[in-house]
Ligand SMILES: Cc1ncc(COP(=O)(O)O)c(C=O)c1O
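Given as structure tokens, the chain that follows is alone and in the form predicted alone.
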């Protein structure tokens, strides 16, 4: 048991990485993952995300060209894009990890939050050599901010990670663990998750409907089947970070996560992560409407001036 899945990322990095060691991350990826890895000063190799997960061809190329110790992936409703890795890519990733002697860190706290379709097998389920470390978190499926997660790994890796965990904080909160255990003994966790999914799906649909109505035609967004997030793509050359700090926040009081912070390379400026789970449907409607107005003004100033 860990202090959320975040501690699992840190423990894995602490165990495996020395300064300069190679880490493959998705582009874009979880900002907290990058923050955890940054402390150990690795060398990042960024592999783009496609509609069905990490680009396996480019992953193989990176493994062929560089010394890599760790592949970090979020295969289920990825943070920040909401994409899901296909079964074929999960299998291929394990085969490549075996071939190039690399550990995979499978960070999957959103896995149980699928609104449509069927869940896919975990990457860990294809692990044949004990090189996949898998993470989960109760904060996504039981209660927000509940700092209790879990880590599963092969015995040798698990023993080393457990020793590091003991040195870091002795153990996760026993009180919190007992509370979660009591809840699961006395209640139906699956029914609780189903109720959460209904709420989140309604909010996702509200955001997608608002985006359809208010976004300029040259702004694109995806349609995730679950999770917390969807991904916004602006025309090439658009600086979302500058737009948010200079216009969106001060003039419209709307906030999002610009893509600049979600790439290890800091090279992509024209994207953004939107979160639909923590706000009301009314706030989603008004926020997306204002975002659409602000983007239209920024992208098409000539049209605004004509009006």
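Note that the coordinates shown come from a computational prediction; the quantities given were computed from them, not determined experimentally. Positions refer to the first chain, counted from 1.
Just so you know, the form predicted in complex with the ligand exists too; it's not on screen, but the next bit is about it.
Colleague: Select from the listed residues 30, 276, 37, 45 the one whose heavy atoms reach within 4.5 Å of the ligand in the model of the complex.
Modeller: Contact check passes for 30.
Colleague: Counting any non-hydrogen atom inside 4.5 Å, which residue from 204, 140, 90, 111 sits next to the ligand in the model of the complex?
Modeller: When the ligand is considered in the model of the complex, the option within 4.5 Å is 140.
Colleague: Is there a heavy atom of residue 147 lying 4.5 Å or less from a heavy atom of the ligand in the model of the complex?
Modeller: So residue 147 counts as contacting the ligand.
Colleague: Is the gap between residue 79 and the ligand in the model of the complex 4.5 Å or less for some heavy atom pair?
Modeller: Yes - in the model of the complex, heavy atoms of residue 79 and the ligand come within 4.5 Å of each other.
Colleague: Should residue 291 be classed as touching the ligand in the model of the complex when contacts are defined as heavy atoms within 4.5 Å?
Modeller: Residue-level check for residue 291: no, no contact with the ligand.
Colleague: Find out whether any non-hydrogen atom of residue 74 is located within 4.5 angstroms of the ligand in the model of the complex, and reply yes or no.
Modeller: The answer is yes: residue 74 has a heavy atom within 4.5 Å of the ligand.
Colleague: What stretch, of 132-140, 171-179, 184-192, 211-219, brings heavy atoms to within 4.5 Å of the ligand in the model of the complex?
Modeller: This holds for exactly one stretch, 132-140.
Colleague: Taking the ligand in the model of the complex, which residues of 1-34 have any heavy atom within 4.5 Å of it?
Modeller: Residues within 4.5 Å: 3, 4, 5, 6, 9, 30.
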